[in-house]
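Take a look at this single chain, the form predicted alone, given in structure tokens.
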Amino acid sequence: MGNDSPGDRLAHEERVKYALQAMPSEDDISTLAARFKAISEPSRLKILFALSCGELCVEHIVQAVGGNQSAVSHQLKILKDNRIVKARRNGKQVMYSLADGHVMAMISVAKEHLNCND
């Protein structure tokens, strides 16, 4: 930036000012990072894809994604703790579903770009 004209420096300062204004709070950044970390594990991604088809109990999630009930329950707890999935009791069963559709929207966009060459 040593050879920038005064106009370039002003433009850069404006961009920095805008970036600072647009920056989420430290708490929001931490929450976002934790949620991205939670969905970045392959078995949790599989669970989310299964739940994108509708509400399921643990037994049916195990059938859809493989593994064992203990491991799936552990992954569901992480997703639930991060408010990515929610649970409700239905008699003796606990039914799991997506907390909202936003997480699958993000995953779908990422999936669309798997084979993007740009």
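Quick note: we count residues from 1 along the sequence shown, nothing fancier. Everything numeric in this text was worked out from a predicted model, so none of it was measured. Between two forms, the rigid core is defined as the largest C-alpha subset superposing within 1.5 Å.
Missing here is the form predicted together with another copy of the chain; even so, the following discussion is about that form.
Can any non-hydrogen atom of A71 be found within 4.5 angstroms of another copy of the chain in the model of the complex?
Taking the distances in the model of the complex, the answer for A71 is no, it never comes within 4.5 Å of another copy of the chain.
Check R35 for me: does it contact another copy of the chain in the model of the complex (non-hydrogen atoms, 4.5 angstroms)?
Although another copy of the chain is absent here, R35 would touch it in the model of the complex, with heavy atoms inside 4.5 Å.
Look up in the model of the complex whether R89 has a non-hydrogen atom within 4.5 angstroms of another copy of the chain, and give yes or no.
R89: no contact with another copy of the chain in the model of the complex.
Please check if E55 has a heavy atom lying within 4.5 Å of any heavy atom of another copy of the chain in the model of the complex.
The answer is yes: E55 has a heavy atom within 4.5 Å of another copy of the chain.
Select from 17-32 the residues with a non-hydrogen atom within 4.5 Å of another copy of the chain in the model of the complex and write them out in sequence order.
Read in sequence order, the residues that approach another copy of the chain (within 4.5 Å, in the model of the complex) are Y18, A19, L20, A22, M23, P24, E26, D28, I29, T31, L32.
Per-residue C-alpha change between the shown form and the other one, H102, threshold 2 Å, rigid core fit:
For H102, whose C-alpha is compared between the shown form and the other one after core superposition, the shift is less than 2 Å.
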